[in-house]
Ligand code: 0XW
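Next comes just one chain, in structure tokens: the form predicted on its own.
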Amino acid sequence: MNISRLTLWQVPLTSHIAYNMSDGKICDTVITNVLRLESDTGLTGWGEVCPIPHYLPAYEHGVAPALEYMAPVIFARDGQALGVEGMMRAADAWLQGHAYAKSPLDMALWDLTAQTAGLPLHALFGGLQTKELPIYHSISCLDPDEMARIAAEETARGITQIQVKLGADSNNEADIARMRRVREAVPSATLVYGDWNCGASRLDATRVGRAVADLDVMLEQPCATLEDCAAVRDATGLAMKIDENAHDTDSLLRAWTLGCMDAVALKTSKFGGLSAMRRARDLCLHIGAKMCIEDTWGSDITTMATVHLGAATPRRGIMNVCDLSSYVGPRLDPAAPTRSGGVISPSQTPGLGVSPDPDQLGAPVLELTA
């Protein structure tokens, strides 16, 4: 199998509710990059990456030039011999860094490979280990009572895990109220965790954490460094999930050594695709860290890619996945699987099992042929 044609679209995705995070970061309307690879076998593979502005080292308009620069590797006509991981090693040698731009390429190559094998993608990543994957619902940083209302509404629909965004107004008392109101509003078995997205100082995160330490809650990435996150965990005694600082196996091992990685968010665009994510998944299974397997943002393609990897992961390692497509419009493939109550399951058709609606894609921004 060799790649004969590459097409890239940029599609605006609008959040159903403006999504507020710390330090002024916001998801309202953002641009997702949708990649289609056509092979000389007649099959088509899909990939997607959707960087959030001001969030991570990723740029929505950097995907097209990076893919164009990697064209000699993509069209090298040695794909059958190399396989996906061999092709991605060649891409890494050709263009250092730019993991986010490589993520949709890796995703589309795995889609093609699984279709060639006639198998759903999870069959290549370890088989169907977890058929029904728990999802979390992330609540924008709003008034505490409104966040509690949303949390109660979502848990009534079957959600068992709630992420509470903190720090958008730099108000510790409001953040304490957000955690308390949400915790009080949901069933006792619900997992609740507060996420600053790196926006808190060690002092502020410690003060908030100590004020809610009597609750059954967890913290997520309060500070910008692993060392500060570890200090907050030590000072509060609350379990912690690492997100922004987890981007390769070295960072995972560092966080584990510091004792601040009870759970971790593995995101395809940070790691550079599913190939590297699978290696990270296996490391987390070995050391015992619970995983959220997801991506920064996106629609049906990236949702289903991460759900396949989650489904191929033993249940003991899964904290949750994220149905990103439920937060935005338009849906790129309205027929793709989505949440049912508090869980989501992978497609059972060969490959990713997604087929984007051409009417939602518009005109391509990049077209290359071998």
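Keep in mind the model is a prediction, meaning the values are calculated, not measured. One-based numbering along the sequence shown.
In what follows, reference is made to the form predicted together with the ligand, a form of this protein that is not presented.
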TODO: Quick one: from D228, E154, D262, D243, grab the residue that has a heavy atom within 4.5 Å of the ligand in the model of the complex.
DONE: D243
- [ ] Identify, from the list M304, C322, V49, L332, the residue with a heavy atom within 4.5 Å of the ligand in the model of the complex.
- [x] C322
Open item on the list: Considering non-hydrogen atoms and a 4.5 Å limit, does the ligand approach H98 in the model of the complex?
Closed with: no
- [ ] Decide whether T268 counts as a contact residue for the ligand in the model of the complex under a heavy atom distance cut-off of 4.5 Å.
- [x] no
TODO: May I ask you to state whether T296 is within 4.5 Å of the ligand in the model of the complex, using heavy atom distances?
DONE: yes
Task: in the model of the complex, T190 touching the ligand (heavy atom, 4.5 Å) - done: no
Task: Residue stretch of 70 to 78, 210 to 218, 158 to 166, 90 to 98 approaching the ligand in the model of the complex, non-hydrogen atom distance within 4.5 Å - done: 158 to 166
Open item on the list: Checking a candidate spot here: are N2, T44 and W110 all in contact with the ligand in the model of the complex (at least one heavy atom each within 4.5 Å)?
Closed with: no
Task: in the model of the complex, residues of 173 to 198 near the ligand [heavy atom within 4.5 Å] - done: D195, N197
